[in-house]
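Quick heads-up: it's one chain on its own, the form predicted alone, in structure tokens.
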């Protein structure tokens, strides 16, 4: 199998790379903060000093960074991937970014003979650590199939949604629904507490019926323990919801739930909760 490069060793990317290394793949990594690569180097990965160097050594390059500007910087910035990527190489973006920007990136790379797949992921840090992420892929079918044998090491499912940008559109849909589940968790716990119910009982009972969900089960359990550490950060979810709003504006769609979510996430960030997990939205209520 070809050498695999990975740029971005954060809460999601770091564990994903470890799955690739443990699977015996030949892996090179790049991160703006090289110190984060310590465990990966000890496990056998090669460290590159620039994104261009990474692309020069790998035919398949994966990246997972924070937002649209970060992706554009890694791909097209000084010493970016495009400077080292050979014709026929494939860049796969596991970040969550603007669908319209994604289509532009894909076209620019196509003109340089480089393939591109937008492949945002869902499942939080626990999914990254357990290797059970959902991958929503947009791009040419051949490019998606080239990714599939690699992605199976950190994901439980990869679905080809359609052409470039469609993966990011599906992730927008995912983040909208996930945000509404977070609100349901926060309000459910608030109602239980104020009505005289034990939140632990509510968590157990509702989780066993129609109200149950990954967020209710996983983050509800953390909320019961007072654990507000991020499976997904509030500030990043707000960033994703803004992408959803942009797409709604593009197609002329009004969603009252989205409007409410953005108001609550803004309040959470104003109160200094942005670095905490989504379950900390309960603090706003």
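Here the rigid core means the biggest group of C-alpha atoms that line up within 1.5 Å when the two forms are laid on top of each other. These numbers come from a predicted model, not from an experiment. Positions refer to the first chain, counted from 1.
One more form of this protein, predicted in complex with another copy of the chain, exists but is not displayed; see below.
- Using a 4.5 Å heavy atom cutoff, none of 70, 97 and 225 lies near another copy of the chain in the predicted bound form.
- Taking a 4.5 Å heavy atom cutoff to another copy of the chain in the predicted bound form, the contact residue among 79, 156, 174, 126 is 174.
- 260 is the sole member of 43, 221, 47, 260 with a non-hydrogen atom within 4.5 Å of another copy of the chain in the predicted bound form.
- Taking the partner from elsewhere, residue 212 is found to have a heavy atom lying within 4.5 Å of another copy of the chain in the predicted bound form.
- The closest non-hydrogen atom of residue 141 lies beyond 4.5 Å of another copy of the chain in the predicted bound form.
- Remark: residue 204 counts among the residues lining another copy of the chain in the predicted bound form, judged by a heavy atom distance of 4.5 Å or less.
- Another copy of the chain is not drawn, but in the predicted bound form it has a heavy atom within 4.5 Å of residue 195.
- Only one listed stretch (47-55, 249-257, 32-40, 60-68) carries heavy atoms within 4.5 Å of another copy of the chain in the predicted bound form, and that stretch is 249-257.
- Contacts with another copy of the chain in the predicted bound form, taken as any heavy atom within 4.5 Å, map within 161-192 to 161, 166, 169, 170, 172, 173, 174, 176, 177, 178, 180, 181, 183, 184, 187, 188, 190, 191, 192.
- Residue 134: CA moves less than 2 Å between this form and the one not shown after rigid-core fitting.
- Relative to the superposed rigid core, residue 208 undergoes a CA displacement of at least 2 Å between this form and the one not shown.
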